[in-house]
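Coming up is one lone chain in structure tokens, specifically the form predicted on its own.
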């Protein structure tokens, strides 16, 4: 009597698309918040990680927690020379996640030139300096993905966050330009625009009066999480989203349309 053998388990094409084994991913601002969650999820999908942040102890601890496939680099996103050193140390990367950023909550009429420059240098100039340094290698190899972290405020403004909103709107447009220029060379550029999510950087806003008013405009009725943003970033960086480029995906529970 012949016993039929059970067929081998089928591997979902989506599972294969989300496999980052053998790929090198650089995440900036990786010590806390979105960056830490993004790093953890890429690691869970097999990526080799370069974690960059200005907080030396925190980013070193994060890399150690992930294990031998993660390396920590300390840098200052507001310092062009430091950004250039990061790019050199990171080497060839398959995925760049531009997550590092600052949040300034202050009325426009009370914002100083120094405060404007401080935010723009981190949230915009640093991204525009770092990205081409790594994208050149992607273009030469004919593959790669840049994921920029934007904000819902780029599309709806924000009380007390006008400078931040302007910088993130510029990031959305920079993403489109990069997608057009690098697409013919096999390199994709996408942007994720989170709404108010509970992280260390935004906790004081979410917990304040403006946070209470903001929640009233969220159709899903709750704040987002860093883990939800990480899932979207990993998906967009993966082969599952191989025909998506130049787009900014808003993940804000419906705030912008509410």
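These figures come from a predicted structure and were not determined experimentally. Positions refer to the first chain, counted from 1.
Heads up, the form predicted in complex with a small molecule isn't pictured, but that's what we're talking about next.
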**OP:** Using a 4.5 Å heavy atom cut-off, state whether residue 72 contacts the small molecule in the model of the complex.
**Re:** no
Original post:
Is there a heavy atom of residue 150 lying 4.5 Å or less from a heavy atom of the small molecule in the model of the complex?
Top reply: yes
Subject >> the small molecule contact in the model of the complex: residue 163, any heavy atom under 4.5 Å >> reply: no
Original post:
Taking heavy atoms only, is residue 100 within 4.5 angstroms of the small molecule in the model of the complex?
Top reply: yes
Subject >> Partner-proximal stretch of 174 to 182, 138 to 146, 100 to 108, 87 to 95 relative to the small molecule in the model of the complex, 4.5 angstroms, heavy atom >> reply: 100 to 108
Original post:
Which of 122, 134, 169, 116 has a heavy atom within 4.5 Å of the small molecule in the model of the complex?
Top reply: 122
